[in-house]
Structure formats: C-alpha cells, structure tokens
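Quick setup: one chain, the form predicted alone, written in structure tokens, and binding and motion questions come after.
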C-alpha cells in the first residue's frame, strides 16, 4: 500500500490578488484569496498574531503578519515597501498570483484572556499585528472587560486603518485614544508620544486583571513598557511580537533563533518576561 500523502509545509499555495488599498505613504493593504476554495476554508482557522510566508515569484519569500481577525472571513496583508520582496508585492496588480504558506507561530492566546481587561498600545505600523486581536476582541465583546486602544503615529497622515479607527472610536464599551508626534493644520487631537495618552485627563488604565498588548518601534516599546510597569502591570501580563527573518517558518533553518527559542515556532508572540529571559534587547 502506498504511504499516505502528507502536506508539504515548504510548498506554497497559490493565491490571487483581489484589490489593493493605499494606507499611508509606502504602505498598502493587499486583499487576496486562495485559488483553491478548500485552501481558503482551511486557512481561516488561523489565530490572531500568526504569520505566513509569502512567495513573490522571481523575487523571493518573506514573512508577513496577518492583520485580519479570523472572525472577519477575510484574507489580506498590510505591507510597507522596504526591499525587493515587498517591492514585488507592491508592483502586483489585481488578478496576478503569488504563493502563501502557513499560518505559522503561536499567536495571541485570546481565549486565555477571557474575562480580562485588554489594553492595546501601538506605534505606527505596529498596529498591523494588533489589528487582528482588536477585531477578534470586538467580535467577542462579551468575553472581555474594558477595551482600551492607544495609537501613536508621526503625523495625522501616518494614522493607518482610518475606517477601523472611526469604528473603534464609536464602538460602545471601547476607548480609542490617538496621538501624533507632530500636529498639522486641522488636527485637534493629542500631540506627543503614545505614552502621553496614559496621562490624559479622564484616562485610567486598569492594572488588576489586565493584559497589555504592545507593538511598535523599539524606542516606543521601551518607554511604553516602563510606563506600564510603573502603573503596576506585571511583566507576564504584557505581550508583544518579535520580528526576525523567519526563512522556513517551522523551526528548522535556525535563522530566527534567539537563545533557546525559535521566533517562528515559540513566537512570534512572547510575554515581556519571556523576552527578558531571552536576553533580547528591543
């Protein structure tokens, strides 16, 4: 008898680009679907915080976060143009094809956070991996306590997912606070680093029974961690994602190894306590 056919984890599935949405300068959102409808159905079991490996034929392969929540029934990436692979993706037109394999990684354990207050803190494109968690939490609103979103950007033009921001600002039981480093004509919101939002009048970040999600540039991360720790939020209740060049995605190539951990398998989601133990300076 022939041995059973197993799925090749290194073989990408064919995806088709549907449409492209401009977000901010050099950042676009790419909506797509699998050519095989069965692959699409299976893929929608992914968890918030997981990632995929995307193949641009003739250019290479790269890891990308999944910003949609599985509750939305959508597949898309949000990507900044920074290198040859991202440039190849930015040059694609609707109807063209590329490869996707995954999802990979541990993801955010949203079910384990049931009953807790959720505090989301993002800087710039750090909102990309957190968007999935926010949308998941809103789709299961009854499962969580208070939900607070703190988002910082360089300028008002650098605020991403504008439709979602309006939705979050208007959602019942959700606090959405925005700030920019430099205000422009017409901007009436807060000006300052994202941590300055914690000190705004009327803002109170709960400490007890709270999980804080933090994603953004390293300098922003360090200051936000200091602020959250100063409030009394424990290191094991602060979660983030680590970014590394994850070539295989399944813990075989060693490119993403940090100490005893493989970011592609043990992460990319880690608590701040785990990050400190790894000796990682972010």
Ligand SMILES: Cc1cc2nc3c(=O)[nH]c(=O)nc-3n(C[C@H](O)[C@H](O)[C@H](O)COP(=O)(O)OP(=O)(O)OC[C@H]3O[C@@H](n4cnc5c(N)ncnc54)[C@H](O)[C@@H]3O)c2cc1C
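It should be emphasised that the depicted structure is a prediction, and the values quoted were computed from it without experimental measurement. Residue numbers count along the first chain shown, from 1.
One more form of this protein exists, namely the form predicted in complex with the named molecule; it is left out here, but the text below deals with it.
- The named molecule is not shown here, and in the model of the complex it never comes within 4.5 Å of any heavy atom of residue 46.
- Though the partner is left out of this view, residue 237 does not reach within 4.5 Å of the named molecule in the model of the complex, counting heavy atoms only.
- Among residues of the shown chain, residue 64 is one whose heavy atoms approach the named molecule to within 4.5 Å in the model of the complex.
- For residue 215, no non-hydrogen atom is located within 4.5 Å of the named molecule in the model of the complex, even though that partner is not displayed.
- Of the stretches 216-224, 31-39, 64-72, 229-237, only 64-72 has residues with a heavy atom within 4.5 Å of the named molecule in the model of the complex.
- Among 86, 132, 179, 210, the residue placing a heavy atom within 4.5 Å of the named molecule in the model of the complex is 86.
- For the options 82, 139, 191, 112, the residue carrying a heavy atom within 4.5 angstroms of the named molecule in the model of the complex is 82.
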